[in-house]
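One chain comes next, on its own, written out as structure tokens in the form predicted alone.
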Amino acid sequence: MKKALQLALGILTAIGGFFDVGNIATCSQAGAAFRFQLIWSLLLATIVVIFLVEMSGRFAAVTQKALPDTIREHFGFTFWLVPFLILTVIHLLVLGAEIGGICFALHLVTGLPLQVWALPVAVLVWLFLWRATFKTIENSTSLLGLITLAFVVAAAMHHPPTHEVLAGALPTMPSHDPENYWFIAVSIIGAVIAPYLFYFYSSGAVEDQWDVSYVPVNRAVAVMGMGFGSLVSIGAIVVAGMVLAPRGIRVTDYHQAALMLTQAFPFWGYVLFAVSMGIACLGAAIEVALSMSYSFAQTFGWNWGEDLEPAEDARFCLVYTVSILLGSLFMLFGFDPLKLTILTMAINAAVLPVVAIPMLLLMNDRTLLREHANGVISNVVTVGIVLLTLVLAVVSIPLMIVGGS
């Protein structure tokens, strides 16, 4: 039963690292501008993230160590320092975007300005981390996150043309605005394969005390958890393609994205969008803040663990406290949440090699993983993932400049 319940970790990771403010933004833009044409980019990202999540969980289960800790030990502090600094900046940007998503959800419900909610949301996220155990965070966020299935239900209610949806699963050249098409494709991949995702997942597996017997469970968690996030995200693309695209609505502001569910649910659609966005972004903000603390603690050899009392890992708690405060400043100072999100997703794509390459090297170390090291199939996929991340690193920022308007 305990192992079966570990699916909650996969769903939490999916809600926080898969369907979050990044996917809400990119999927709504993809559907509004290109209907179902960009479903292929989401499917590609899903396959990649399933492999990477499975690897990070397998690594933690076999070694009982999280990835940042092992990268530092295995390659040395000097090697790890540059990726660590880059990821610290990414953590803060993503955390700012997720807090912005929660603020916007509250703005939709109350009508109050985003800035009003910045500090209260920061306090909410902080209190959740300060008082809750890892298991409480896992289970409550996973259960509440099921509301995001509203996008899947809405997609089914719109009866999209099946042949068009299936055609979107294969890459095609865009009929218009190619720069924006490829920019959104890259952004979708950057939103799904978020760098912090794997550090959070491996650290969460250590928190849950996984051992080698969890390797099969981890595989199921990776497939089912990421599959859940992918299903919801495809639902969001389909709904945007059915509701926004025919009306010529381009998503340049989250207010336009908030219209997505109003046709399927005329009375509750606006509220369902706000609640789905708020819960997804809350799960992501908690995940990112924890990932930030995990990375700092494992880099500098501090005590760490969400289940420890704050007095036992004071520096771990200090990191997420400061990071949440800094993340809230983006909204407090009036940053546009959608623009911040799109910028962050493009940067996510640009720095993927910094995360992927060290992790994938470790997965072939038989002194660490023994018979659980990558096999031939995993290594073929690994090479493909490395090549993909290198391409994304090269093209993401230029595409943002020419196609991200």
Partner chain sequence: MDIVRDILDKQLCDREEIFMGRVDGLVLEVSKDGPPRVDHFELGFAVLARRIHPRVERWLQAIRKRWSVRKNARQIVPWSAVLEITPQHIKLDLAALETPAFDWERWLRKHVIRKIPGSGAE
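The model shown is predicted, which means the values in this text are computed figures rather than measured ones. Numbering follows the first chain given and starts at 1.
Keep in mind that the form predicted in complex with the partner chain is missing from the display, and what follows is about it.
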Thinking of F134, N364 and V386 as the candidate spot, does the partner chain come within 4.5 Å of a heavy atom on all of them in the predicted bound form?
no
Do T78 and the partner chain come within 4.5 Å of each other in the predicted bound form, heavy atoms counted?
yes
Within a 4.5 Å heavy atom cut-off, is L318 in contact with the partner chain in the predicted bound form?
yes
Can you tell me if Q64 lies within 4.5 angstroms of the partner chain in the predicted bound form, counting non-hydrogen atoms only?
yes
Residue contact check: L170 to the partner chain in the predicted bound form, 4.5 Å heavy atom:
no
What is the one choice in Q263, N303, T110, Q115 with a heavy atom within 4.5 Å of the partner chain in the predicted bound form?
N303
Which one of D307, D211, E164, E312 is close to the partner chain in the predicted bound form, taking close to mean a heavy atom within 4.5 Å?
E312
Given that the partner is absent here, state which listed stretch (269-277, 78-86, 235-243, 175-183) has heavy atoms within 4.5 Å of the partner chain in the predicted bound form.
78-86
Is any part of 95-126 within 4.5 angstroms of the partner chain in the predicted bound form by a non-hydrogen atom, and which residues would that be?
W126
